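Next up is one chain by itself, shown in structure tokens, the form predicted on its own.
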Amino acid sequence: MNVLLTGANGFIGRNIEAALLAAGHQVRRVSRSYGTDFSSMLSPDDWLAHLDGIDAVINSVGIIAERGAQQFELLHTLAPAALFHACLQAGVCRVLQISALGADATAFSAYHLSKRAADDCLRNLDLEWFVLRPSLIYGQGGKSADLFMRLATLPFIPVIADGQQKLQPVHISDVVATVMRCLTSQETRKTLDIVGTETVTFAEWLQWMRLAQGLPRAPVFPIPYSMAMAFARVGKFFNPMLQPENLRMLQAGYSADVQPLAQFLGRTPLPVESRLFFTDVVPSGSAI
């Protein structure tokens, strides 16, 4: 297939591209690194030339914080909506949208609301669509995973409040496997939550990351929620991950029923293993 991939230089995008190329597909990359400013592609007409000869579209563009022209509404809603309408005009039926767990009726953050708006746009079009909502993704090179891995090395593990926020992390290779399955599935027009098999607290997740790095378990240092939010208001200027809204999303947790995903893939997602923290896409058929 000829696949148009947006966000090709991001963590999710580069792993999807690797799998597409390994499977023999042709990839047309769209990102700032390849000369296209996604935030300026706000009309279907801006996309039509990019869709010439394309069989499927995968939108993996996403930002965790706004900076300058990189705004949630532009990147998560307006540009994707223009792309989806262009696909309808150009007859490109198979469209995959990488959204996020929490971009549903419970959404409260600008991040999730902007993702949900694009999801709703796609679901209302007469296309063979998939809306994929990954949980917290771990693996080599992920920004959130890298931040948490660094936190896990501290002598005292900092957690928000009691650290009991529920997470259902998923490895990047399961996200990619879901994408690849969507490209050939006869069953379309599906919204899938991409989650792992294990539900773990945030405090325990950091302990698992610590053990993966060859370190013993460490004492937990609880940070009151109000204090963590105050720290984030300053920390966001030094690390885009440290946004107050990101802490609010973490406080809400990331979990969902894994069975629909397992049924779609024909297998359960990968169990958490130490070495998976340091890998990206696991080739099909590899021993885990």
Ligand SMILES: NC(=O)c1ccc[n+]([C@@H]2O[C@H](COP(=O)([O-])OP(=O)(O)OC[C@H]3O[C@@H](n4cnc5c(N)ncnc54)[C@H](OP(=O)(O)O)[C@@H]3O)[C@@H](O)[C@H]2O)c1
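As the structure is a prediction and not an experimental result, all values here were calculated from the model. The first residue of the shown sequence is 1; numbering continues from there.
Beyond the structure shown, there is the form predicted together with this ligand, which is absent from this document and is the topic of what follows.
**Q** Can we say A56, C93 and L96 each have a non-hydrogen atom within 4.5 Å of this ligand in the predicted bound form?
**A** No, none of the three is in contact.
**Q** So, in the predicted bound form, is I12 in contact with this ligand at a 4.5 angstroms heavy atom limit?
**A** Output for I12 is yes: heavy atoms within 4.5 Å of this ligand.
**Q** Look up in the predicted bound form whether R32 has a non-hydrogen atom within 4.5 angstroms of this ligand, and give yes or no.
**A** Because a heavy atom of R32 falls inside 4.5 Å of this ligand in the predicted bound form, the answer is yes.
**Q** Hey, in the predicted bound form, is Y254 touching this ligand, heavy atoms inside 4.5 Å?
**A** It does not: once this ligand is placed as it appears in the predicted bound form, Y254 has no heavy atom within 4.5 Å of it.
**Q** Hey, in the predicted bound form, does G196 get a heavy atom within 4.5 angstroms of this ligand?
**A** Judged by the heavy-atom cut-off of 4.5 Å, G196 is well away from this ligand in the predicted bound form.
**Q** To test your reading of this chain, name the stretch in 202-210, 81-89, 109-117, 177-185 whose heavy atoms come within 4.5 Å of this ligand in the predicted bound form.
**A** Going through the listed ranges, the match is 109-117.
**Q** Name the residue from L122, I157, L167, I137 that puts a heavy atom within 4.5 Å of this ligand in the predicted bound form.
**A** Selected option: I137.
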